[in-house]
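Below, in structure tokens: the form predicted alone, a single chain.
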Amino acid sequence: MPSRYRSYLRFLGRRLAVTAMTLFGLMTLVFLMIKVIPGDEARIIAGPEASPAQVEAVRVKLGLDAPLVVQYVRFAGRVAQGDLGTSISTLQPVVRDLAEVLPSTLELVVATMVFSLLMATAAALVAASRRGDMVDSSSRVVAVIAGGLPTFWLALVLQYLFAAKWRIFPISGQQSFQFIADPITGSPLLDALLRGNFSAFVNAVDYIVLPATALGVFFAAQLFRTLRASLISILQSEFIVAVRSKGASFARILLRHALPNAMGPTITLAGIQLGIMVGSAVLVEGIFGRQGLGAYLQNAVAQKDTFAVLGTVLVIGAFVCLINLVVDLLQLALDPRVRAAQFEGAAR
């Protein structure tokens, strides 16, 4: 096997080992935290009217009478087999619950990423083309402010202004009652497209605008700063001078030559943000009443549903780790400097 491929395999092995250790630590931490939350899981499952004997029978049936270490080992063994346990709230496997709510969260994350990229790209093009003037300075100030706004606060402000006060967008939910139908994928936008129902699609868009905006402002500010810096650097490079000497217009130089070459670092950052967005979406979903991972996790915590909480956190953690791994592999494949640094470090 060529040494280059061996280096790739060693790099992939190291990253997979780090990912596995990260998920193991996350699983352990959340398991211990959920156990110290006040409340008796057996009592919650059996109901408030259950007798002590009934509560004890439930405890024995679920293995909650075993020592904490034994409970953890049993749970870790099931997770290794792809079994996240059974939810005490829905009385069905956690994996099935997550498969039902995850598409709604991914829909919000994708919409947020599209919004962030569009806003950041438009603002960065304007700022880079007018470097140093009032427009550029103002855009940088706005980006700093936007990057410092708490997401939950911005969500509440948008909800109050655009939904409660001005009634431009719906205040909560993810689809109007008349458009609700048996889910195909669990994503209202995608389901409406699959059914060919344009009215339902527009309705679902109305419901996702405010959540995506509240979630995307912070990420758009970060993407803007990265893309603006890359554009300015490329516009000052020698090959742009050569293109300009051939008589190309500034708009053509900016859109045809500078922007494609500046998108590399921005796409890398967007990939990293994609994983973070899944975790951040949980809070926004709760505020806007979307039936995704956020609502499922809130209900699981309130019910002290250990397996549901652990399963949700592990899925979010796995998604973040997977996205980071993919981004690292893309950087390794596309950037010779990253390959040199990684392979040289592995050789030492």
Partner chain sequence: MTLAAVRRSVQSSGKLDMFVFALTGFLIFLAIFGPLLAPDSIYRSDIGNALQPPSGAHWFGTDDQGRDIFWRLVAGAQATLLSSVLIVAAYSLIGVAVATIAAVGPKWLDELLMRITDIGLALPGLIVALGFAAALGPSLESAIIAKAITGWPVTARLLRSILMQTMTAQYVVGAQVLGASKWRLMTRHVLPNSLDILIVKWAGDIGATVLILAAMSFIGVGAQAPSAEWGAMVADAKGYVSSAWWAVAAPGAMIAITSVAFSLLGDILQVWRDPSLRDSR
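The model shown is predicted, which means the values in this text are computed figures rather than measured ones. Residue numbers count along the first chain shown, from 1. The term rigid core refers to the most C-alpha atoms you can superpose between the two forms while keeping them within 1.5 Å.
If you look for the form predicted in complex with its partner chain, you will not find it shown, but the lines that follow are about it.
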Query raised in the report: Are all three of Thr22, Gly25 and Gln298 close to its partner chain in the model of the complex, meaning a heavy atom of each within 4.5 Å?
Result: yes
**Report entry** Which of 137-145, 185-193, 208-216, 76-84 lines the interface with its partner chain in the model of the complex (heavy atom within 4.5 Å)
**Finding:** 137-145
Query raised in the report: in the model of the complex, which of the listed residues (Leu118, Leu149, Ile267, Ala181) lies with a heavy atom within 4.5 Å of its partner chain?
Result: Leu149
Requested in this report: Tell me, out of Leu283, Ala50, Ile323, Ala42, which residue has a non-hydrogen atom within 4.5 angstroms of its partner chain in the model of the complex.
Outcome: Leu283
Query raised in the report: With the partner left out of view, is Arg131 within 4.5 angstroms of its partner chain in the model of the complex by any non-hydrogen atom?
Result: yes
Report task. Would you check, heavy atoms only and a 4.5 Å threshold, whether Ile287 touches its partner chain in the model of the complex? Result -> yes
Query raised in the report: Any of the heavy atoms of Ile276 lying within 4.5 Å of its partner chain in the model of the complex?
Result: yes
Query raised in the report: With the partner left out of view, is Phe198 within 4.5 angstroms of its partner chain in the model of the complex by any non-hydrogen atom?
Result: no
Query raised in the report: Which residues within 218-249 place at least one heavy atom within 4.5 Å of its partner chain in the model of the complex?
Result: Phe218, Arg225, Arg228, Ala229, Ile232
Query raised in the report: If we fit on the core, is the Cα of Tyr296 displaced 2 Å or more between the shown form and the other one?
Result: yes
Query raised in the report: Core-aligned, does Phe201 move its Cα 2 Å or more between the shown form and the other one?
Result: no
